[in-house]
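Shown below, as structure tokens, is a lone chain in the form predicted on its own; questions about how it binds or moves come after it.
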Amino acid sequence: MLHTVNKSPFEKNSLESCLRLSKEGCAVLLFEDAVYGALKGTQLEATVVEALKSKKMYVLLPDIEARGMRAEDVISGVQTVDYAGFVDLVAEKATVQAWL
């Protein structure tokens, strides 16, 4: 299953709920304002690093760049994808769960 999160983790708890309730082996894609959850040095870094032990995590690079950040700012282990990669993730997974 692919879980998608688009809300800032500093405004809503969608990312934390997703990471807590999603199953081992799933994929999580952060886009729009949720990309802030993939950044090094935030209060969520430890939570994301822990989640990486059992889940694959992705972040949409164009949304990182649109907010003035770079791929180097992303937590190690979180994979960056472009729009084609986003489409590939959706096509690969049987179901997609959006966390609003």
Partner chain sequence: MDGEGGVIKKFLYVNRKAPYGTIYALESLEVVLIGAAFEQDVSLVFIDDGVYQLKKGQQTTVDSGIGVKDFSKTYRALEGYDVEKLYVDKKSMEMRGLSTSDLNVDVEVLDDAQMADLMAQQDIILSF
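Positions refer to the first chain, counted from 1. From a predicted model like this one, the values you see are computed outputs, not experimental measurements.
We do not show the form predicted together with the partner chain, though everything after this point is about it.
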ask   = With the partner left out of view, is Arg67 within 4.5 angstroms of the partner chain in the predicted complex by any non-hydrogen atom?
value = yes
key: is_contact(Ser76, the partner chain) in the predicted complex, heavy atom dist at most 4.5 Å   = no
query = Are any of the heavy atoms in Tyr36 no more than 4.5 Å from a heavy atom of the partner chain in the predicted complex?
reply = yes
query = With the cut-off set at 4.5 Å between non-hydrogen atoms, does Gln43 touch the partner chain in the predicted complex?
reply = yes
